[in-house]
Ligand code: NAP
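Next up: a single chain in structure tokens, the form predicted alone.
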Amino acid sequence: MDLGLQGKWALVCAASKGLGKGCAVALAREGVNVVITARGDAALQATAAELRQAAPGVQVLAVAGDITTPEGRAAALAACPQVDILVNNAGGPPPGDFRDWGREAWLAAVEANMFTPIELMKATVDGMASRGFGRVVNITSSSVKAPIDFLGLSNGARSGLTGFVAGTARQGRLAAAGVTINNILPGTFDTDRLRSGFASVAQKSGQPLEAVMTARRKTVPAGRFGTPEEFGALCAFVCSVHAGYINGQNLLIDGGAYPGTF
């Protein structure tokens, strides 16, 4: 299927590894020029080299910086000639007990997982509307739909973004101009972040790492963890010309782990 994205420009945040990288690879393979950003320059440059090899002919620009800061956002936006596709992504806040979180912890979570994507949308969606095409994909979490007790910071900040998107995506001056805004809610995906979380659990519990991972796999009906590649494929489709009637939605991709009907 031709996704109709040849020659478009995408800004993909936190794209040096994991789900962000999966999205950048999938878009580049569809002929999308990409600006990728992340904090670690070495990993970012390595990913840029991979993208150029995987998708010869597309432009790949790598901008190292912290997307959760005004300076990081300005640098990333300045590198992108025009943002036709925006993939918002940032590392989730740490787990823990809400009794231990002070004001600063909450502000950091909101800054990274709510305010930053809102600021990037504010900077790009009107330009998308003026050109008659735009796609925003926010990578959030399955915890938005089924909150996880020890991820209170993530539950709160990402749910705030979800509420914001629900209203903004339906503004006539955006939706009628060909701009869609959707959230993709990943479940358990095989990423460095997931493995570091398992390593922490294994260390604290005294269990072998593989035992911790096996126990978690058993909670997923698919019997496995998701891959960044299949996440990227969903992202690319949501960004395609074929997905123009999908707007303001929360798209769960979790191997069937969520047990509800709605």
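The structure presented is a predicted model; accordingly, all values stated were derived computationally and were not measured. The first residue of the shown sequence is 1; numbering continues from there.
What comes next is about the form predicted in complex with the ligand, which is not displayed.
Proximity to the ligand in the model of the complex, defined as a heavy atom within 4.5 Å, singles out one entry of T124, T180, T188, N155, which is T188.
Residue in contact with the ligand in the model of the complex (any heavy atom within 4.5 Å), chosen from L194, V60, A54, L234: L194. Contact check for D66: a non-hydrogen atom falls within 4.5 Å of the ligand in the model of the complex. Though the partner is left out of this view, G40 does reach within 4.5 Å of the ligand in the model of the complex, counting heavy atoms only.
Taking non-hydrogen atoms only, V136 never approaches the ligand to within 4.5 angstroms in the model of the complex. The closest non-hydrogen atom of A109 lies beyond 4.5 Å of the ligand in the model of the complex.
Stretch-level contact check against the ligand in the model of the complex with heavy atoms at 4.5 Å: of 169-177, 101-109, 127-135, 87-95, the positive one is 87-95.
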